[in-house]
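Next comes just one chain, in structure tokens: the form predicted on its own.
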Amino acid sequence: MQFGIFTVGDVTTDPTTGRTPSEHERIRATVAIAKKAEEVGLDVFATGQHHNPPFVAPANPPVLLASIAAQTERILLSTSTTLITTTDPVRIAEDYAMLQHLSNGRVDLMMGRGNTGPVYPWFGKDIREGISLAVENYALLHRLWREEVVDWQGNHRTPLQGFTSTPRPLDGIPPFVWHGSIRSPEIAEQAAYYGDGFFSNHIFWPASHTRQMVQLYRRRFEHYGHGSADQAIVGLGGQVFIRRNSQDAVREFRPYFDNAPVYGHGPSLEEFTRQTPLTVGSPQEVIERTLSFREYAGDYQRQLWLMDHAGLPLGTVLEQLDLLGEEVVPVLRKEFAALKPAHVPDAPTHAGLLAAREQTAGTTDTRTLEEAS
């Protein structure tokens, strides 16, 4: 089970002080948060991709992730999400393969469509074609990482003739891909078709909705012959604010929740925590709530939390990461490991995929020698 954090990189005024960080401060804070995530023992740091204010999450995530890769040694770097609709799949293939080399394989991607309507025409696209763009562009990306020479004709980009994407993936193994979606069955189907991971960022949705999306993906994963439904690769998003006791957590987080750009001035904090995975409370409450996700998502492989949004100051975010790394994740690792059946795989990593390929090659060589003798 992988545990980590994701950022959307919003630049938001702290409602308790009225101070708004500069873009430079927010970007440097994002790097500090990623380094802290590794320090406290988390497995994954993921960044969003944005092209418009109030976000400074990078328009090209590999730029930020390459910098973090150079300052860390172990943590896996990912996205939340890479915009497969408005980003040329050729650039995705090239940029993330380069990042894969620079990070020694510590990279995977989460594909997403993006829901900000004005962004699409900036790149010559139409949000009404979002699903079609996601399907076609990923089909091309999938080939670019697996075929040395690609001829391509589609509806959404210039044709390719005899094109080779460089650099080639590290060790010939493409970065593992998650397909992120909160509401589109077509994306769950796409993830299942390729045998990729499916990430349900259900921070705005009730458990019943997430259950339906994950179950659809699991059924189709099995249908396409990648394994049994319970062996499908599932990730979940979450959101927490932690203090030693729940009263302090609620009191401190409430002004940030009430003024958050994405859900402030809507449902109350109590209503939102009741209806979504948002957990505001003690370490034990976060542990119990996170373990409950398994009841409707099954045994899953990756849990990411949103920790640094809504104007929370950097010092508070780093304190949250200390609590997460010291008191929450160690317990969750133990509990989830005890519950997971042996036949349910871990989340794929570059090292794991490389080892599996070498084991398969060794088995094949042994059979060839036996047949020849």
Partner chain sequence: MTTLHLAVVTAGVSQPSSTRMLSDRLTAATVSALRAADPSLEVVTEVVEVRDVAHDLADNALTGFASPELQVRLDAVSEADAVIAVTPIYAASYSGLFKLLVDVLPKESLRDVPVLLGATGGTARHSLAVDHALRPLFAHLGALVAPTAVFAATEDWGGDSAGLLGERIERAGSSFARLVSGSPRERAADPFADVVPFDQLLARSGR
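All values derive from a computational prediction rather than experimental measurement. Positions refer to the first chain, counted from 1.
The following text describes the form predicted in complex with the partner chain, which does not appear among the structures shown.
Taken together, the three residues 253, 269 and 336 lack any non-hydrogen atom within 4.5 angstroms of the partner chain in the predicted complex. Across the options 168-176, 71-79, 294-302, 257-265, residues that bring heavy atoms within 4.5 Å of the partner chain in the predicted complex belong to 257-265.
Though the partner chain is absent from this view, in the predicted complex it lies within 4.5 Å of a heavy atom of just one residue from 99, 127, 213, 90, which is 213. For the options 247, 275, 164, 104, the one in contact with the partner chain in the predicted complex, meaning a heavy atom within 4.5 Å, is 275.
In the predicted complex, the partner chain sits within 4.5 Å of a heavy atom belonging to residue 136.
Taking the partner from the other structure, the partner chain in the predicted complex has no heavy atom within 4.5 Å of any heavy atom of residue 146.
Among heavy atoms of residue 132, some come within 4.5 Å of the partner chain in the predicted complex.
When the partner chain is considered in the predicted complex, residue 204 lines it closely, a heavy atom lying within 4.5 Å. Along 174-194, a non-hydrogen atom within 4.5 Å of the partner chain in the predicted complex is carried by 185, 186, 189, 190, 193, 194, in order along the sequence.
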